[in-house]
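Form predicted on its own, single chain, as structure tokens, below.
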């Protein structure tokens, strides 16, 4: 056999930055590795789509961003959905889903109003903490049934969606919370800005940063990805699967509880229709933002950008003269495209890993 018949590994110079990042990230300098990661990220692609939508809408209607309320609405409107999408992303990363977040949000939105009516002098921080706690308890119910009951999350959370909504309707009846029932200081959470950024948006971004940092750096966060990638392997490896699933659902419920309180501050009114259908928007925001519906990949940063994109599209398309049907069709196409792209990228990554092992 001649030397030319022997297959040699490719020299380092012939290995692309993408392959080195995938197989041997230590080959790249920290700066180049970070730059390559950003350029190849799904989040950047979604962000560029968001920018394109904003530019197109602003070209058609200059007031979309540059009016008195244009920039404020662009930042403020997605804040509630952003909180729900962050919690939903964490659950989806574990290969589950939480369909009860809209009903949890409705319950805590009404709870917020009742607390201020029954105890007018109650501190705002206490109300927010109470909503977080109630949401966490409702999320704990979901987590216990999924982690310890062995029932698929889709079934469990679909059931609790109706149960929590039924509790809210029974409790509220035909009652309605109005702005006059709420203290002015609380309502200012939905109207006040700091350096041109709405306070509600700042609160949502702080939550995003905390959860994103935890997923990226903490052992528990990385274990959530491992569980979503292969639940059976995670069990065999000895990961605390049940505890992590429980924590994911508790976090999703807590953020939905906080979203309910902030919804009341944002709009000043609470009726029985609060949160109807928003759970599907939260799932859509996470999936469009690159969180794999099959679990194991994605980031809360992408889910946040997906929330901004969804809300911006719903606001931009009417200004472009596009009918309601096509608005919904565009969102549906984005969801389908995100899922198809996720499967294509997953298969391509698996193929590159296999080829790299063959060459080594």
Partner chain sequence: ACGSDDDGGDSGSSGGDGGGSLSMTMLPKNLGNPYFDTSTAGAKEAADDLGAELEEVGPETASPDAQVSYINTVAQQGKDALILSANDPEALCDAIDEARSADVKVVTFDADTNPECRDLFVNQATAEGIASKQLELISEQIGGEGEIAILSAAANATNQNAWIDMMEKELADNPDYADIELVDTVYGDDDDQKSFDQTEALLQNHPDLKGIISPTTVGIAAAARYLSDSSSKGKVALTGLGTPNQMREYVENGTVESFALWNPSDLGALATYAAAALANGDISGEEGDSFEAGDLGEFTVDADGVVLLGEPFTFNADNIGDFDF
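These figures come from a predicted structure and were not determined experimentally. Residue numbers count along the first chain shown, from 1.
Beyond the structure shown, there is the form predicted together with its partner chain, which is absent from this document and is the topic of what follows.
Original post:
residue 267: heavy atom within 4.5 Å of its partner chain in the model of the complex?
Top reply: Residue 267 belongs to the contact set for its partner chain.
**OP:** Look up in the model of the complex whether residue 301 has a non-hydrogen atom within 4.5 angstroms of its partner chain, and give yes or no.
**Re:** Contact check for residue 301: no, nothing within 4.5 Å of its partner chain in the model of the complex.
**OP:** Evaluate residue 59 for contact with its partner chain in the model of the complex, applying a 4.5 angstroms cut-off between non-hydrogen atoms, and reply yes or no.
**Re:** Outside the cut-off, so no.
Original post:
Wondering, does residue 193 line up within 4.5 Å of its partner chain in the model of the complex on heavy atoms?
Top reply: Residue 193: no contact with its partner chain in the model of the complex.
**OP:** Within 4.5 Å of its partner chain in the model of the complex, counting heavy atoms only, one of 248-256, 67-75, 132-140, 114-122 shows up; tell me which.
**Re:** In short, 67-75.
**OP:** Any residue of 298-320 with a heavy atom within 4.5 Å of its partner chain in the model of the complex counts; write them all down in order.
**Re:** In sequence order, 315, 318, 319 come within 4.5 Å of the partner.
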